[in-house]
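Two forms, one protein chain; C-alpha cells for each follow separately as structure 1 and structure 2.
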Structure 1
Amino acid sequence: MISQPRGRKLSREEAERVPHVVARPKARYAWSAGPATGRFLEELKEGRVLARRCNGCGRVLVPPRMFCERCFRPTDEWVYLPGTGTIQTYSISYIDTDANRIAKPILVGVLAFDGASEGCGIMHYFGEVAPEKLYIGMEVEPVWKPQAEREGAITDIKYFRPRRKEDRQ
C-alpha cells in the first residue's frame, strides 16, 4: 500500500520566496563544418543531396563524412543522391517542449535515402500527409524551400511528402 504524501504543494509565490540564484549562461559557438558537412550544406542550397562512398566496405554514407567509422579509413568519392527515400521509422509528436498540447501534431521520422546504404538515414519532418496514413516503408520525396530562401541548412528541405499523390493530403 502506497502511503499518501502529507502536507500540500508549495504555491508559486511560496516557491519564489525560497532563496535561489538566476543565471543565463552566455555560450555562443561557430562550429567549423569541415569538408564533408560543409559541402553537404552547400549542395542543399542547390537542391541536391550529397553522399560519400567508402570503397572499403562499399557503403554510400549520408550525411557524408571524410572517414568511414566501420573501416576506419578515409572515404573515397562524392555521390549525388536523387533525394527520394523511404520512411524507416516515425513518430507523431503531440506536445511542445513545455508539454503543451499542440493543435497540429508534428510528424517526425527517420528516412532512408534512395541510393544510400542501410543505416544511413537522416531525421526530418513529414508533411502533406495525414498522421494515420504514415507507415514504415512509405516512399517519400523532398519538398524544398524556394532557392532564394535556402541558407545551407538541413531545414532547406521543408519536409518530405508521400511520392504517391493519392497518399497526400
Structure 2
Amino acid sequence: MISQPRGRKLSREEAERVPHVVARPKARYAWSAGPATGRFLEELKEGRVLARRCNGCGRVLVPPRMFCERCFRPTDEWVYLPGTGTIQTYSISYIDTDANRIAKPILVGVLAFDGASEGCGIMHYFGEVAPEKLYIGMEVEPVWKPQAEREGAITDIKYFRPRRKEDRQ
C-alpha cells in the first residue's frame, strides 16, 4: 500500500491569498427530451399514456423508447395504453421530499401499466388509499390534474388511486 501525503488546513492569511474568480457566463443552452419522451410528455398533457411497440420481440415499452434494448432494433409503432395499472412495489414514507418528518405519509412506488410488457413501469405517487390498505398487485387508475393545469410532465398525473372503490379512503 502506498501512503499518500496528507494535506493541511490553510491559515486564514493563506486562504485570503487564494485567487477567487466570480464568473457569470452568458451561456445559452437548449435541452430536448427526444422524440419518444417528448411525445410521451405531450400525450400526458392531453390525458393519454403512450408507449412504443417493438415488432421484433413484441414488447410494449412505457415510457416509450425509439430503440428496443432487448432485441437491439428500432421500435416500430406508437401504442396508446388505458392508463390503468398494477402496483409492483411501494414505500410508505414519513419523510417528505425535503427530508422533513411528516405526520401523514407519502405513498410512492412502481406501477406497471396495463398493456405494457413485464419489466416496464414507472415510479409515481399513490393517493386516496390508507397506507395499511396498500398492497402489491393492487389495481390502480390515474387521477389527472385539470386540463388547464397540465404542462406536459409526469406530474400531470397527480397520483394513482385504487380502482376498487372499497379500497379508497
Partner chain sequence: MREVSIVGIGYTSFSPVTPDLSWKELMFEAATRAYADAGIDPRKDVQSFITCAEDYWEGFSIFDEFTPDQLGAALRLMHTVAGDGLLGLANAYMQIKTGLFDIVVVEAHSKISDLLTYEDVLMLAFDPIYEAPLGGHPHYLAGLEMREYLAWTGTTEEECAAVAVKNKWNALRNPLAPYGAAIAREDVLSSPYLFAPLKKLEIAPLVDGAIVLVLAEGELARRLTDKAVLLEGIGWSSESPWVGTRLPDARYARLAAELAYAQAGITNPIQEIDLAEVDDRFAYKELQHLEALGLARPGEAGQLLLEGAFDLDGQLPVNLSGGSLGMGDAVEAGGLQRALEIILQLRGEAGARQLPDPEVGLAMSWRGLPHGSGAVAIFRREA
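The term rigid core refers to the maximal set of C-alpha atoms that superpose within 1.5 Å between the two forms. Here, residue number means position along structure 1's sequence, counting from 1. The shown structure was predicted, so the numbers you read here are calculated from the model rather than taken from an experiment.
Engineer: Deciding between structure 1 and structure 2, tell me which is the form predicted in complex with the partner chain.
Structural biologist: The form predicted in complex with the partner chain is the one given as structure 1; the other form is structure 2.
Engineer: Once you line up the core, how about W31: does its CA shift reach 2 Å between structure 1 and structure 2?
Structural biologist: Comparing the forms between structure 1 and structure 2, which are aligned on their rigid core, W31 does shift its C-alpha by 2 Å or more.
Engineer: Align on the rigid core first; then say whether the Cα of E77 has moved by at least 2 Å between structure 1 and structure 2.
Structural biologist: E77 C-alpha, core-superposed: shift of less than 2 Å.
Engineer: Just checking, between structure 1 and structure 2 and with the core aligned, does A148 shift 2 Å or more at the CA?
Structural biologist: No; A148 is a residue whose C-alpha shifts by less than 2 Å between structure 1 and structure 2 when the cores are overlaid.
Engineer: With both forms put on the same core, how far apart in Å are the CA positions of N100 between structure 1 and structure 2?
Structural biologist: On core superposition, this C-alpha lies 2.9 Å from its counterpart.
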